[in-house]
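First, one chain by itself: the form predicted on its own, in structure tokens.
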Amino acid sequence: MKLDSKIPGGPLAEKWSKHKFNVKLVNPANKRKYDIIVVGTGLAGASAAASFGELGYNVKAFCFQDSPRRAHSIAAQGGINAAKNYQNDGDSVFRLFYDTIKGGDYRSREGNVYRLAEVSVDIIDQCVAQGVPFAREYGGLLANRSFGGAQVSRTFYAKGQTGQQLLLGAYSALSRQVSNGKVKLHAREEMIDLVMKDGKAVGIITRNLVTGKIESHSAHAVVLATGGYGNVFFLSTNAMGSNVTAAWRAHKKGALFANPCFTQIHPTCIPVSGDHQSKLTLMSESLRNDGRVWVPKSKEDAEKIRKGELKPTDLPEDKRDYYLEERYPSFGNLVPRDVASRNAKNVCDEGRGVAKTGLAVYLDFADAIKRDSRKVIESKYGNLFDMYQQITGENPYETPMMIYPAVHYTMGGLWVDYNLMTNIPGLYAIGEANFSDHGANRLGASALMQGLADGYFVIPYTIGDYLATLPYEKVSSDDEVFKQAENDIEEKIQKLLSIKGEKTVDDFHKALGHIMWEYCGMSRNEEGLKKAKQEIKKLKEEFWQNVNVIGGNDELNQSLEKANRVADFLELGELMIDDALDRSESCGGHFREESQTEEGEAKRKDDEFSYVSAWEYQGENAEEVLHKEDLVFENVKLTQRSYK
């Protein structure tokens, strides 16, 4: 299989403009004759569906929540990048492009990343026009703050709830099209299969989560905007409903899955407090602008703090180790997420972690409050501080926050070309659902940027290039391919319901999460990955013999919902292990212990691994086939990342 990224030739800065001119167009009158399905209503999905509706296409939008406003995009806190250079501090489209390529450890396409930086400036204008209440300076101009992995201030924000405000903007645009009749919204319906005919995507199968009814929906094209798969680890910052099912079922129909092992661990999350937890809570990376990260210099002091014999505020400066500031003087506490996360793990592994578990470091705002006043800090981060206090019972204005890394974002996903189409004609993936523009590690504040770039400014252009080649008549949902797909789904559901084993779905999900975190988490090695592969195989076998899915299909059944999702997570987990084993280099969030510098930093092997790993499904219990898309760098020099 030859992977054609379809990146246009010519100078980097002209590729997107040239491509937009060369794609086929559908005239306004003919747009009314085409149907598009959009699965997911987060930033990528809502913005795409609204844009399609505005253009005149007929759209069906699906979400498994009761409202598009509950999409996980709402949880994003810190901000969205754009190369506006409002601070006049040296930013530019090329610098944002370079920071993103470098932050992703040179494992992303130049063409895609430059386009992302290029349209970033339009995103801000679009959102301001929608009424998104970005923070403003005294004079009324939009404010910016700095974020990890950059030395300029380019992050636009709305206090600590940027994702919520951006989603409300996209939701209002979507609601306008629903009201106009151009978008038909299907809430509480989950996609559980992709339908194909003659090698093309022609629709989806859904399950109504309230009634259990299995339904067919046909269209000329299908767009997946279903987010990431971080919940394969069980504990993550993702909403509990976030899953991989839509993307994975498409993968099993032939869509390539790219770079599955590239998982981003976020450095600033509230630490695990016990086995009772079902998810973790993110504390925005923007906090690292003013918070200073430290641990005690000695194990003895750390142990006293863990036992409650010593308060962090009692420890003098000369006994504190501000390890990021010491090790990375140029970037300090604003190093990229993968670097900050690994360093937190290292100091805790040394026995200098705090919290009762020993798995936490401090994020201290005492100096910032002393310098700027509590009122200023409250205006920037007030809702985040309140959230922290409600969860932990501690006041971060008076005592340092405790943080520890947690699974946050997945850079892997369905392989797509420059048009955001998968290798299956008519099937597109946007936002976190595709393998994205982020390489091996996502730069902070760029997830919102990518989701809105894909939905507002990329796919509305590129989807016409495909639709213009199709007849107006679509495949009927009464076609045999839909009936066969429905029957296959019914059989799988009945199989799950008939097992009647002794373990709950959550038992298996927790077990999988433990394996993934231990052996494919912040660091990986060959021995551990091979062990994980065998453990997941055994766990998957046991799942299909011993899971207990209570209730039936013809009703609201959350046990069945979870079982469907966990079955897919088990298969995905095995592929993540395969991908991590194949890539024996360290890059970004993928840290192979066998490949590190003398100083413990990630060591890439550019001669061997400058490629996108794209995996092809071969059938139940068969090993997947790896295809490689070579990455070509013409505008940046591949260097060992340094933030010192």
Partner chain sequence: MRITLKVWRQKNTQDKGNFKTYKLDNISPDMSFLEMFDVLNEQLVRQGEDPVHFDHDCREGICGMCSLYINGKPHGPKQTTTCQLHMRSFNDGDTITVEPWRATAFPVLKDLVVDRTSFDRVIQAGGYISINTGGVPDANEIPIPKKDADKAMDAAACIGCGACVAACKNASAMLFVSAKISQFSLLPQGQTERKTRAEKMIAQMDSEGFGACTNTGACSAECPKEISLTNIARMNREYFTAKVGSDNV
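Given the structure is predicted, the values throughout are model-derived calculations rather than measurements. Residue numbers count along the first chain shown, from 1.
Absent from the display: the form predicted together with its partner chain. The rest refers to it.
Engineer: Going by a heavy atom distance of 4.5 Å, is residue 276 a contact of its partner chain in the model of the complex?
Structural biologist: Output for residue 276 is yes: heavy atoms within 4.5 Å of its partner chain.
Engineer: With a 4.5 Å heavy atom cut-off, would you call residue 613 a contact of its partner chain in the model of the complex?
Structural biologist: No, residue 613 is distant from the partner.
Engineer: Can you tell me if residue 64 lies within 4.5 angstroms of its partner chain in the model of the complex, counting non-hydrogen atoms only?
Structural biologist: Yes, residue 64 lies within 4.5 Å of its partner chain in the model of the complex.
Engineer: Contact between residue 593 and its partner chain in the model of the complex at 4.5 Å, heavy atoms?
Structural biologist: Taking the distances in the model of the complex, the answer for residue 593 is no, it never comes within 4.5 Å of its partner chain.
Engineer: Decide yes or no: are 110, 489 and 499 jointly within 4.5 Å of its partner chain in the model of the complex, with each residue judged by its heavy atoms?
Structural biologist: Looking in the model of the complex, the three residues 110, 489 and 499 all stay beyond 4.5 Å of its partner chain (heavy atoms).
Engineer: Of these, 130-138, 343-351, 474-482, 261-269, which stretch puts a heavy atom within 4.5 angstroms of its partner chain in the model of the complex?
Structural biologist: That would be stretch 130-138.
Engineer: Which of these residues, 328, 86, 98, 418, gets a heavy atom within 4.5 Å of its partner chain in the model of the complex?
Structural biologist: Result of the distance check: 86.
Engineer: Between the options 381, 114, 171, 409, which residue brings a heavy atom to within 4.5 Å of its partner chain in the model of the complex?
Structural biologist: The option sitting close enough to the partner is 171.
Engineer: Across 152-177, which residues bring a heavy atom to within 4.5 Å of its partner chain in the model of the complex?
Structural biologist: Residues within 4.5 Å: 158, 159, 161, 164, 165, 168, 171, 172, 175, 176.
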